[in-house]
Structures are given as C-alpha cells and as structure tokens.
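First, one chain by itself: the form predicted alone, in structure tokens.
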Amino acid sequence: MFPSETSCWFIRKVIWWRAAASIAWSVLLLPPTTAVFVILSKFSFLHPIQTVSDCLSLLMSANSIFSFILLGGVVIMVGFLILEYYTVIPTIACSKIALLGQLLHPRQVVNSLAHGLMGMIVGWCCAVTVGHRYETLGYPARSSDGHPQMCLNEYHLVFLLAGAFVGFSHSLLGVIHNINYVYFHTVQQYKYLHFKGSLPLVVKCSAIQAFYSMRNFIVVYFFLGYIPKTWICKTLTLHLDSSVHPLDSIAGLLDLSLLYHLWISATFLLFTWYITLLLFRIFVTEVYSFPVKSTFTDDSHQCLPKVLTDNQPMILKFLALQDLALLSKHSPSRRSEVFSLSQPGGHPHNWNTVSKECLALLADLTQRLVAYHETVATNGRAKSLSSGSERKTSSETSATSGTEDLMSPRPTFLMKTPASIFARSVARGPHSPLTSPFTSDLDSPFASPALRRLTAPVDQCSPWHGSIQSPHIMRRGPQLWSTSTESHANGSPPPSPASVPSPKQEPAKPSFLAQFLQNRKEQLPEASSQALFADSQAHIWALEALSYLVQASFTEDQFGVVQTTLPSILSSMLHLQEAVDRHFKLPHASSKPVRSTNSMEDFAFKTLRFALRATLKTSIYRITTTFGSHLNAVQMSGEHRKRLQQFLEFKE
C-alpha cells in the first residue's frame, strides 16, 4: 500500500502497533461497560438487592459470555474500520452535491452496510442480555382455532432493526461530521489524563445521539415497519399474534419500558464505538521522536530530514512536523544537530532540508490563497485596476543571493477590467449588481464624459437602436436642410437607415430538476474557506519550527547556517501574511462557527484558519523581537520592508 521504505517501516512498526494497543484497551473496557449496561437495564428501585443478584447471575450465564465474545469481535471490527478510514486532513464538501457524492461513494456504502450489520449484532446482544420479552425472535402460541404455532416476537425484531438503524446512521453522520478526522491537540497530555478528561464528553454524546437516533427510528418504523415484519414472517414461516398490539402503531410505540430499553441499548452501542474511536485518536497522535542524525547508514530513512520529504502517508508527515516543532522549542541538544555541518564537506544538509520543506509548505498555501482570491474576484464581479496593481506590487520577489532555490516561483496575477462591462451594465439596467461599481459615480461632477457616453442609455428612436454595430461602419445621418425638413413638414419621423429590429428571444425557463441541481451545486462560502485551510495544522507546525529555530540561531548557530536563508524565511512569511489578511477581508472568512458540545465531531478543522493567522503573526513577532534592528540589513523588497517595519514598531 505504501511503496516507499520509510512508509513501510513506519506503518508496520508504529501505526499498526498503536492501533492494536487502542483496540486492545477497548476490548478490555468491555466488561465494566457491559456490567453498567446490565445494571441500568434491570435496575429496580423497589427491589435493589434482587436487582444486584439478578445482574450477577446474568453476567455469569452462558448467553452473556457468548454475547460478550460477539461484542469483542464487533469492537475489533470497528477498530479496523477506523484504522482504514481515518484521516489527518478532513474531507470538507463545498456543496450539497459533493456531500451527496461522498455519502454514495462505493467505499462509503460498504462502510455503512458494515456498520449496519455490526449494529444489528449489538442489538441482538442487548436483547439477549435484557432478556424477558426481548430474548427470542419467535415464541410458541396458539391460534384462534387452538392449534399451536410459532409467532413473531416483534420486540426482538425492533431491537435488531434499531441496532442496524443506529449503526447505519452513525456511519452517515461520521461522513457529515468528519468523525474519522484525527486532530493533534496543541497541549500534550498523558494518555490516561486525556482519556479521563474526555470520558464525560463521550457519555454525553452517546446518550444524546442515541436519543435522536431512537426518535428517528420510531418515526421510520411507524410508517415502514410492516415491510420487514411481513418479510420476516414469510421467510421464517412465523405468524403474527393478534392478541398483542403491533409496535408499528401508536399504542404499541407508547410502551415506555420498550423506549427506555431501546435508548439504553443505543447508548451502549455508541459508547463502545466512541470509546474505540477516542482511544485510537489518543494513541495515534502520541508524539513520536525521530532522530535528527543517524548513526548507521541503514537507518538514514528514519531520520527527521528524510521523513519530512515524504508525503505519504500523511500521518507520517504530520508526526514529523509535530516533532520538528517540539524540538525547535524545547530541545537545545537536538537543535544543535539541526544547525550542525556534515562531515566531511561542512555542508548544512539538515538545516537545508528542514528549511526547504517548511518554506515549500508556506509557498504552497500562499499560492492556493492567491488562486482562491482570483476565483472569488472573477465569480461574476468586475475586478478593479487598483486591486490588480496592489497584487502586482505584493508579488514582487525579494532580491536575495544564493537562496532563490529555496523559494517556489510565484506567478504574477494581473487583474484587468473586462471591456464588455459597460455594454453588460447597459443591458442589465442601472440597478443591476454588476453595474454598481461603475454607475455609482456617474452623477459625480468628477465623472469622465467618455464614461457617461458609454453608460448612457440608448434611445429607442435612435438609428443605432436594435442594429448590429461595428466600429468599421460609418453611417451618414439625414441632412439638416433636406431630409429633416421634409420629414417635419410631412409630420412623419425621419427614416432610419437601420434594419428592422428583431424581436427579443426570451431565454427558456429551466426545469425544476435543473434548478434543484443548480442550487445544490452552489458553493458554500464557509465550507470552501474551511477546505482551503483543511491541512493548515502542517503549516502551523512549519511556522513554529522556523520561527523558533531562527530565534534560537541568534545564540546557538555557531556556523551561521540560518542567516543565509533568513531573507527567504521573512519573505515567505510576509507573503503568506498578506494573502491571509486578504482572505480574512472576505465576508465569510471572519465568522467563527458555533461549537457544538453534543457531538464527537472535532471542530478544530473549522477554526484552523484563525489558529494559522495567530501563529503566523506570533512567528513574525518572535523573529523581529529577537533580531530587532539587525533585520534592516536583510535584503528584501520595499513592500516587505514596509510591512516588516510595522512588526518592528509593534503596529501590526
């Protein structure tokens, strides 16, 4: 799956062992979780002692042991699915059609069906554990004429269908809310403390989601419950007991005991799965320390500079950047290895590799932001010349010697006002949104006469109205003392040399399906901004690593290896600062999403752009406060020098 040697080593010796440890802990937590479920499902305030004895005897029975084995297999399967579908870069759908495509993807359909099957198995285990009327699918009864027959136990069927419904909906909600997204927390904690602090949230989310899932299931079963019930009866040759109220009716669904046991079972199912997910997140995101320099040649692919250049798997890239950010901040001994020179030769290979990779990440994000701004600017709006001149000025490259190979080339984007904008504004009328940048100043005394002539409405009696116009055709109007006089004397309008205008063809109205699909295809501005910064955690670590290493080089860099790339680092950060500031001027970029505390969804990816902006500004300030006036000797463009001066004077 991962062809490179580094990836195979990392997946085999790190990721798989961490995933196995998380699954093992999930299985070990099953007995106490199952005991709590049994107590809650059988507890009676009137007979507490009898409830405890019944629970103990039930936990020791053969049915409970078999159910526990099945639950362990389900937890292991859930852990393998999490390992297969997890991601460190969330998949954000920028439109409703894109989200529908994710839900209907064959890989996701298989995942949803697997979760539905596992949910049905857990529902069967819960029905057997609760016992009494929920234990079996069929029970013996007598028909109206006295003959014995096997009747369908609808209570047991409801448990099975509820488990499948909860598992299937859990898989769909996982796609919508990016449940499989693995986020690296800023504050590092021990695994036990992290688990202990997150346990109340898991219980709360499981109970709330189980409540809403049961509400939806009851509505679905009320209208469509007869379909699986009829199919099961025909397949297994079972009969319906007429003396029992059917559960797909109002009287049957008002059974409070049934509703309580369904909710407890759904909470137990979601809790075991969320515990597996939480433990996987904790184990996988644990800090891994990569060696900066290798003692043996065979281990060179495991070194930090070599690992940073690998882009697959992404978890390896993220763990390497996390380790780089931590060593640049907390480890002077490992920083000295980054600043060291190679022997023999005396070249700073470690620093060159680290800085080049971090600068490439920053340049990639800058180019994406510039391209996004270009797309937004051309999305049905005319672009002004002033913004184009500003962008041209901001994209000037700094004149640095010997370090241009570390910076990726950035294209210069020139924004031009379309020549047809005036004709478009006339066709749409004075109140059209497209003409607002131009018609707002027409009444001003400073408006250009040529602009007024271009935007002036055409008279319908004019000889130019309704005809095809060309700049190469010259038409002669009527003479002042001949045609005009004769026409006025006869009382008829002057003859027009233009042809008869053709009737306007109204555009065909799109169908309802076309309008529906077009509305679903429209880009969601908030989602598009989130998708733009979906992988910004890597850029945050790159900024922190560069700024801390540059700060430490002021006193620790004995060979001056950092000073050769300092102009490139400052220029890259200032380029990114300008692109980020321009992005936050968009109306949808500065609004923070509301955080929900009732879901296991990690909202960190929705606020990554704010964290990136804060980290970028902090990184620049960290460098300017360390070097101070020494930065005036650094070669850079005039625009960047003005921006850097704002940081030096603490005005940014």
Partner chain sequence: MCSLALFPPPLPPGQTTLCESNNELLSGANNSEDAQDSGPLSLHFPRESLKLHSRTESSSKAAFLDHSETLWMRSAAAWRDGGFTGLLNEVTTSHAEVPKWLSVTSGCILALLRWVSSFHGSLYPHVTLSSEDMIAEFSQVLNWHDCVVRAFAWHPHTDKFAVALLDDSIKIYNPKSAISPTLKHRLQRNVAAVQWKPLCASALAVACQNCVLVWNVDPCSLSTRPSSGCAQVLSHPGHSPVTSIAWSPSGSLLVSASPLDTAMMVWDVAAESCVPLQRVGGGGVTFLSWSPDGSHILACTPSALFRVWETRMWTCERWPCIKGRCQSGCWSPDGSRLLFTVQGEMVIYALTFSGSPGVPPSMVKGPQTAVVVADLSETTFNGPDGDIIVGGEIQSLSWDPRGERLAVLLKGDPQAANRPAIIAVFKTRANPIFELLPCGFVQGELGAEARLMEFHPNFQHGALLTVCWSSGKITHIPFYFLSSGVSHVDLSRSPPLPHPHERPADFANQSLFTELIS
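Numbering follows the first chain given and starts at 1. Predicted model only: the values in this text are computed from it and were never measured.
Although it is not shown, the form predicted in complex with its partner chain is what the next lines describe.
In the model of the complex, no heavy atom of L29 sits within 4.5 Å of its partner chain. Heavy atoms of H330 reach within 4.5 Å of its partner chain in the model of the complex, making it an interface residue.
With a 4.5 Å cutoff on heavy atoms, R622 counts as touching its partner chain in the model of the complex. For Y226, no non-hydrogen atom is located within 4.5 Å of its partner chain in the model of the complex, even though that partner is not displayed. Only one of L193, V110, V219, L100 comes within 4.5 Å of its partner chain in the model of the complex through a heavy atom, and that residue is L193. Of the candidates S336, T309, S294, Q189, Q189 is the one whose heavy atoms come within 4.5 Å of its partner chain in the model of the complex; the others do not. Exactly one of the stretches 47 to 55, 63 to 71, 34 to 42, 613 to 621 approaches its partner chain in the model of the complex with heavy atoms within 4.5 Å, and it is 613 to 621. Scanning 545 to 569 for heavy atoms within 4.5 Å of its partner chain in the model of the complex gives Y548, Q551, F554, T555 in sequence order.
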